[in-house]
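Have a look below at one chain only, the form predicted alone, in structure tokens format.
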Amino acid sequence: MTERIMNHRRQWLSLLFLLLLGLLFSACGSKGPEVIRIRGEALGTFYTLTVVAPPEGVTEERIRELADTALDRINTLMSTYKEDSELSRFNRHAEPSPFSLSPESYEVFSIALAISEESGGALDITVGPLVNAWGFGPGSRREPPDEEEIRQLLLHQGYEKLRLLEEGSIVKEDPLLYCDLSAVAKGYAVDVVARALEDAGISRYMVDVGGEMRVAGRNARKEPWGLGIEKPLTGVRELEMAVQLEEGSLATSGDYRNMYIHEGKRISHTIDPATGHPVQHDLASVSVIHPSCAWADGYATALLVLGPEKALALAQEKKLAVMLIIRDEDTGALSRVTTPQFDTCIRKP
């Protein structure tokens, strides 16, 4: 009898607890800000948006429209897969006369060429034909080019053969020069979406396009945004660490996603412009935090090309917030090197 009474009491207390818990969550939910989450496809990848406390009248449909319009615009201008994109038309432009650029493309070319200068050519947007030759451009080729093909392609490569003119146009000194803006364009697309959100009065958001991210304000818990960085492991999605940002961008470049194995060797999509070959060193991943996602994206690529020692030297010289993940090719062990600027952003457990 006593046991039955105790069971009834426990059941009643459990129901009371669940009721109070439900009321608590309901109360918290009623006081919390509105959160809109959107997922879509663009630029050959996925994007996600998280918007906190949007202004009155700014709906989920409106936010999606803003993002899709911005991303479609970048794709129309900078895709190497679309034959009628502005970039594709420039790549076919074989005349010495200036080629007029949209403001967006001009800005991306400007950022890319500035980072090329800073990195001693580690970032080189004219490396496109070599990227294609190694099987990472339009088409399905998945075998290395021979040395003669590489030598011929290197003859028509070099960012210094491009000149931006003040009136918004560009000149290429070699008519066979071909450009690939992907090292900066995806990050730039993140910036463009962020600007569109801000123009709509949105001040708390996270934009993620294919892993390149930008945030502003605070999340729904009134905390800085937590952004994850993956371990540089092929075929595995595992968190390496998280950083916290209230304002700024995070971009990561690595040798572990867009790659293939040929005769037991890792063939990465990141091409060293100095050799015409994929990078062959122990630097597996570079993450950069920067106010601009376009700059973060470009720096991440340049540092990955440079390798551990030169990348760290440039990051320290420019006072960049950078994390390098280095892979021991013999053991597979991973180690991290960070700059002081990056350390301040590491999320504490």
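A quick note: this is a predicted structure, and the numbers were derived from the prediction, not measured. Start at 1 and count along the sequence shown; that's the residue number.
Below, we turn to the form predicted in complex with a small molecule, even though it does not appear here.
Visitor: Please identify, from 82-90, 101-109, 178-186, 67-75, the stretch that has a heavy atom within 4.5 Å of the small molecule in the predicted complex.
Guide: After filtering at 4.5 Å, what remains is 178-186.
Visitor: Only one of V131, I229, I267, L245 gets a heavy atom within 4.5 Å of the small molecule in the predicted complex. Which one?
Guide: By the 4.5 Å heavy-atom cutoff, the listed residue in contact is V131.
Visitor: Which of these residues, A194, V127, I202, I115, gets a heavy atom within 4.5 Å of the small molecule in the predicted complex?
Guide: The residue in contact is V127.
Visitor: Hey, in the predicted complex, is L283 touching the small molecule, heavy atoms inside 4.5 Å?
Guide: No.
Visitor: Would S287 sit within 4.5 Å of the small molecule in the predicted complex, counting heavy atoms only?
Guide: No, no contact at 4.5 Å.
Visitor: How about S253 - does it come within 4.5 Å of the small molecule in the predicted complex, if we only consider non-hydrogen atoms?
Guide: It does: once the small molecule is placed as it appears in the predicted complex, S253 has a heavy atom within 4.5 Å of it.
Visitor: Looking at the partner-bound form in the predicted complex, is V207 within 4.5 Å of the small molecule by any heavy atom?
Guide: Because no heavy atom of V207 falls inside 4.5 Å of the small molecule in the predicted complex, the answer is no.
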